[in-house]
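Okay, so here's just one chain, in structure tokens, the form predicted alone.
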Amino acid sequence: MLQMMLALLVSFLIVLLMGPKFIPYMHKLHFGQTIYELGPQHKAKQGTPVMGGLMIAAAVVVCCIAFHPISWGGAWEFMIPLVVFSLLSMAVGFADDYIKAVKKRHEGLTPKQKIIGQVGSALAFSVYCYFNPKVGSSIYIPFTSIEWNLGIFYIPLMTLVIIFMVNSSNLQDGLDGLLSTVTVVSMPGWAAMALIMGLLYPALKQDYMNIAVFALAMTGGAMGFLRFNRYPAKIFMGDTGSMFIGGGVVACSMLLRQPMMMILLSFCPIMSSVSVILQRMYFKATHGKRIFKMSPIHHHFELCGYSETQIVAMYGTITGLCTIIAVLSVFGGLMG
């Protein structure tokens, strides 16, 4: 338990101490955000530094190394794939941010380049989980102790889930402090579930402790980042940070064999993607009509008159309630 608390605290302090040096350095390099949105209220954010997710990633990696359980869990240990997959997801986002901020190409990576990178890393992690005897092809059904064995279909299905969730996390990062807040509220839920499952399955306790350390390090990093990312933001995490977080979330869920629990813990990011999909489908079907004033849906709320801070508070509250339900359901379901 001490290791987990230290991971949270140290990660928080690392980002908090990095910010005052990192932000001016990004300004000096002219790594600023270019705003092309239809919402005119975002024009004031032009030039705000991006790639702030590097601070979160650095803090998480340092804490995962520093507070890793003393004994080594062997070739199938969870910590290394957790960190490596999150960094691979981040690499795609970093390349996209770099092209936009440094090369000044607004489109960033082409859709083909982005999907190749995401499919490659997602497929590799899905295969790892499938062949890992501590994970396998079975997943838990929420609110029950029932296990659903997907067989070989686990690999393509989880690959699609990973891509969807990483991009959902990316879409959620559209307002000052939004994804940071959702992460701070939801990641302790993954840590709590890991602890509960560690008690119920003693043979996997150390592996689940690794997940808890990782989740709380992510929580601390996002907390520290909020100091600079809350409204009005001094820095954005960019695709670099949003994809790192998205990769970390989906990796935790798969190693816990609880991917369906993301419906609760990642409810808000999922709704961001769903709103975009519905908007596009409806737009094409009706030849130009829209369901929302703008998608993702947090921009719809903006155009309805809600302030950024009000929307962030609403999303944080919803995520908090969903997190509590998720943790209680895991305890009750697996105990039952």
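All values derive from a computational prediction rather than experimental measurement. Note that residue numbering follows the sequence shown and begins at 1.
The protein also exists as the form predicted together with a further copy of the same chain; that form is not presented, and the subsequent description refers to it.
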- [ ] Let me know the one among Ile146, Val127, Val119, Leu199 whose heavy atoms come within 4.5 Å of a further copy of the same chain in the predicted complex, would you?
- [x] Leu199
TODO: Have a look at Leu150, Ile115, Leu195, Leu109 for me and say which one sits with a heavy atom within 4.5 Å of a further copy of the same chain in the predicted complex.
DONE: Leu195
Open item on the list: So if I measure heavy atom distances to a further copy of the same chain in the predicted complex, which of the stretches 305-313, 284-292, 49-57, 269-277 falls within 4.5 Å?
Closed with: 305-313
- [ ] Look up in the predicted complex whether Pro188 has a non-hydrogen atom within 4.5 angstroms of a further copy of the same chain, and give yes or no.
- [x] yes
Task: Non-hydrogen atom contact Asn170 with a further copy of the same chain in the predicted complex at 4.5 angstroms - done: no
- [ ] Using a 4.5 Å heavy atom cut-off, state whether Val182 contacts a further copy of the same chain in the predicted complex.
- [x] no
Open item on the list: Does any part of Ala233 reach within 4.5 Å of a further copy of the same chain in the predicted complex? Heavy atoms only, please.
Closed with: no
Task: Joint contact, Met4, Leu216 and Thr219 to a further copy of the same chain in the predicted complex, by non-hydrogen atom at 4.5 Å - done: yes
Open item on the list: Can you list, in sequence order, the residues from 303-331 that come within 4.5 Å of a further copy of the same chain in the predicted complex, counting heavy atoms only?
Closed with: Gln310, Ala313, Thr317, Gly320, Leu321, Ile324, Ile325, Leu328, Ser329, Phe331
